[in-house]
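Next up: a single chain in structure tokens, the form predicted on its own.
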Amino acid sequence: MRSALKNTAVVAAAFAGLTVATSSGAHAEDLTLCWAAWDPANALIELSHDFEAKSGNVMHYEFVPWTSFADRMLNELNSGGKLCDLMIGDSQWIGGAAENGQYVKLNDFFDKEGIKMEDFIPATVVGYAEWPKNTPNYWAMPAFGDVVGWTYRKDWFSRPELQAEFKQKYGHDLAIPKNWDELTQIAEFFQGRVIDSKTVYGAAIYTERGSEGITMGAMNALYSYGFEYENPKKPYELEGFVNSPGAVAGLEEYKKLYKCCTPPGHSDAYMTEDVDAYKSGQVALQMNFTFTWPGINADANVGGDKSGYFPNPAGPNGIQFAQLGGQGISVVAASSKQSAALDYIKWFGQPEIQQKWWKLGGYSALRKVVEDPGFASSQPYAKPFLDSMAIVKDFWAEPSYASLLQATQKRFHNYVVADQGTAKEALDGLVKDWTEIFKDDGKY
């Protein structure tokens, strides 16, 4: 899930070509693929040259900055617009797109082409493709695996004087944190410290209010402290799960991290702000989706051996989860070019194409790629990505997810950033908000 990457240049490409016959004898089509404007979209353009060459189809792209991606594309879907033939849509859109007939159901196509969902990372199938969840009803193919993880200044951690001081203070090594307590200790240790004649800070975390940022951040603490979206035995029963003692403690821990250890002015920060804080050398730790890791690894200031990567830490009882990101690729039901769009999905899912996707900077969800013996050592962030994808949870994917998200954003930001009320009051209020939404949806 993701909808607010700021200050990203819009990338767009249109390729002209003569109409030629495809290998199946059908006429070539001009296909438009809609996604967000970010580095992986540039990689997809390069990857798709192979599809154009083999099919005769011509690819066009509508790439929209994350700040307006959800509004722009959901309006397109809801209005029955014909701009997009293919949509790489957010994981949260699956419920609404399926129930409102906006995506083509892909089961028959998958069966015909021998595309098996068990060939993809299980969490990505549930998160990006299924509706209802945990049923074999598929509306997308996993396209881009992503999850919230952490980056750290490996070069700072390795300094002997800092290692000695940290161990004397906390009684354990300055290393990748095993749990949230250790993560907060590390952030406290670096907060306000002078390194190389520059004052640095502990951690860049998500606090953004307007779209989804603080929810995507705080959930990483809540999950690992025991938060549940509902009673596992009774759907939509929220009381005692959303506002459990563990969930309350997790929200308190997230606020503690924000108050003690973030850079000045970090009260409305999401992906771009965290990347900027990290790349500029302001912070020792950065929370962010793993799609940022290739750019960090290649960065002249903090890349290479200067940075390391790790999954979201466990809570006090050993529970360990992380917020799922990423997207699936779907055929838009309003498209008049569904056959050619399905050809693109078939092409995209091939193992050799998925391997190239990973090499270009895309995060493949195909098990044949990520379970290859050489994958974990192919990049310094490859194994942390795999470890993170093994512990994912995701926000609601209900058709009313936008209302559920808006309520969460308000409750979390008011408590964590604006100092309004207690964590228990915030989560009790969230139970009330979500209950009203589900009542309106007829869930009770």
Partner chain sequence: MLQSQIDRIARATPPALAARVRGLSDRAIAWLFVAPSILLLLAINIFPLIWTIRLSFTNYRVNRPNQALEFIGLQNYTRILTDSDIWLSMQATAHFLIWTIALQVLIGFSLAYLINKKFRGNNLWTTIIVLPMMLSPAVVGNFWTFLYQPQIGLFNYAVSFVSGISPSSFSMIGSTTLAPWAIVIVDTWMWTPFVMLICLAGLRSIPTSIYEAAECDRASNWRQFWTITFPMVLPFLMLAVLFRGIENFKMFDLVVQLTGGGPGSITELTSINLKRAAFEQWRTGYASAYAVILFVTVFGLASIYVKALNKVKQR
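Positions refer to the first chain, counted from 1. What you see is a predicted model, and the numbers here were worked out from it, not measured in a lab.
There is also a form predicted in complex with the partner chain; it is not shown, and the following applies to it.
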With a 4.5 Å heavy atom cut-off to the partner chain in the predicted bound form, the contacting stretch among 353-361, 105-113, 75-83, 126-134 is 75-83
With the partner left out here, if you bring back the partner chain in the predicted bound form, are D71, S400 and H413 all within 4.5 Å of it by some heavy atom? yes
One residue of N100, S336, Q163, N317 in contact with the partner chain, assessed in the predicted bound form (non-hydrogen atom, 4.5 angstroms): N100
Between K255, R209, K279, K306, only one gets a heavy atom within 4.5 angstroms of the partner chain in the predicted bound form; which residue is that? R209
G374: heavy atom within 4.5 Å of the partner chain in the predicted bound form? no
Whether T422 contacts the partner chain in the predicted bound form should be assessed with a 4.5 Å heavy atom distance threshold; does it? no
Would Y201 count as a contact of the partner chain in the predicted bound form, using a 4.5 angstroms cut-off between non-hydrogen atoms? yes
Is it the case that P264, even though its partner is missing from this view, gets within 4.5 Å of the partner chain in the predicted bound form, heavy atoms only? yes
Suppose contact means any heavy atom within 4.5 Å; which members of 405-444 contact the partner chain in the predicted bound form? Q406, K410, H413, N414, V417, A418, Q420, E436, D440, D441
